[in-house]
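In structure tokens, the next block holds one chain alone, the form predicted alone.
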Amino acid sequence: MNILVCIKQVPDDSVEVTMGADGKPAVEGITPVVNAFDTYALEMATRLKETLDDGSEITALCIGPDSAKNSLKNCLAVGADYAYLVNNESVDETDAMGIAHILKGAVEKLVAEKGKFDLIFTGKEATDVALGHTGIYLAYKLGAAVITDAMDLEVKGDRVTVKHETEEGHRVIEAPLPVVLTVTKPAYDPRYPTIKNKMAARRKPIDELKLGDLVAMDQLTAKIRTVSEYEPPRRAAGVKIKEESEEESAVKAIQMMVDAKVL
């Protein structure tokens, strides 16, 4: 099975981000990492490869600056067999549709070299913008089926069965290959690379695809733009109730809720 995993390098989402003087998130100095949902996608793809045990191969693909090679090296250390970077430092600004244009061109270029992909994985969204559009746009441009919010999957023959997350739980969806999957948090965590795998990943090449060979630059003009961004409202400090007894504390708490017209 030929598998493609699309990743994005983003600022580490475990670090609190504040707004800068320019009204944009101040992310300078925050360590770039692989988008969390993309790490879930890679782990799901790697587990599938191990389960099939049929010589399946995983290719990791990233659109980003030259520094994203470090993220691709991490992918090679936890399951990917090959890695490709499309350097986008010459692009001032684009949107999810523009990214999908680039990915489509990259997929077609890789298919010519490696054969068609049976499964294409993306994270359900990127933690830096959280729009969740790119995987769906890519499927549309490739003319492929798409299943979103995948929690788990099973492949039998030329069909894939996917657990699709819903607000109530999940539903089971089946589709013929090829399929684009956008992956949410599964029931397991991504694996950590071993020292041996890290050393092996350092020796593997990161191949580059030229942006100009994949897409016309006028296709990258953003059709959607962000007008403004805001920090989430900060929670007001809580109130501590310190009466002499639990009963008095309960009475005071209820009276405060009555006064606030919560009750």
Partner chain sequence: MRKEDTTSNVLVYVELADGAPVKAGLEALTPAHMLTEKNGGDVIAAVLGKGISDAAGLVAAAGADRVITVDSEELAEYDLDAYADILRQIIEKEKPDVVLLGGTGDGKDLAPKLAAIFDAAAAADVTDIKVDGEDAVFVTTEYSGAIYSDVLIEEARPGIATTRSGAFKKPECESRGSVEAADLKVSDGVVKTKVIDTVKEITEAVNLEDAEIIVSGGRGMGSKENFGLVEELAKILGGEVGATRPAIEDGWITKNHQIGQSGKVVAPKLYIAAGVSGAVQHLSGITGSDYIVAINKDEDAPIFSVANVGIVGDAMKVLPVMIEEIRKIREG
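Rigid core: the largest C-alpha set superposing within 1.5 Å between the two forms. Positions refer to the first chain, counted from 1. Predicted model, so just to flag it, every value in this text is computed and none were measured.
Here the subject shifts to the form predicted together with the partner chain, a form of this protein not shown in this document.
Point to revise | Joint contact, 213, 216 and 220 to the partner chain in the model of the complex, by non-hydrogen atom at 4.5 Å | key: No, the whole trio is out of contact, none within 4.5 Å by any heavy atom.
Review point. Ok, 146, 110, 155, 91: which has a heavy atom sitting within 4.5 Å of the partner chain in the model of the complex?
Key: Answer to the contact question: 146.
Practice item. May I ask you to choose, among 190, 193, 132, 105, the residue with a heavy atom within 4.5 Å of the partner chain in the model of the complex? Key: Going through each option in turn, the one that passes is 132.
Point to revise | Candidate stretches 64-72, 51-59, 204-212, 232-240 - the one whose heavy atoms come within 4.5 Å of the partner chain in the model of the complex | key: Going through the listed ranges, the match is 232-240.
Point to revise | Residue contact check: residue 84 to the partner chain in the model of the complex, 4.5 Å heavy atom | key: Contact with the partner chain, no.
Review point. Should residue 171 be classed as touching the partner chain in the model of the complex when contacts are defined as heavy atoms within 4.5 Å?
Key: Flag for residue 171 set to yes.
Point to revise | Contact of residue 185 with the partner chain in the model of the complex (heavy atom, 4.5 Å) | key: Yes, residue 185 lies within 4.5 Å of the partner chain in the model of the complex.
**Study point:** 4.5 Å heavy atom contact, residue 224 to the partner chain in the model of the complex
**Key:** Judged by the heavy-atom cut-off of 4.5 Å, residue 224 is in contact with the partner chain in the model of the complex.
Practice item. Just give me the residues of 238-256, first to last, that have a heavy atom within 4.5 Å of the partner chain in the model of the complex. Key: Contacts from 238-256: 238, 239, 240, 241, 242, 246, 247, 249, 250, 251, 253, 254, 256.
**Study point:** Core-superposed C-alpha of residue 236 shifting 2 Å or more between this form and the one not shown
**Key:** Comparing the forms between this form and the one not shown, which are aligned on their rigid core, residue 236 does shift its C-alpha by 2 Å or more.
Practice item. Please say whether, between this form and the one not shown, the C-alpha of residue 226 moves by 2 Å or more once the core is aligned. Key: Yes.
Exercise for review: Could you check whether the CA atom of residue 12 moves 2 Å or more between this form and the one not shown, using the rigid core for the fit?
Suggested key: No, residue 12 moves less than 2 Å.
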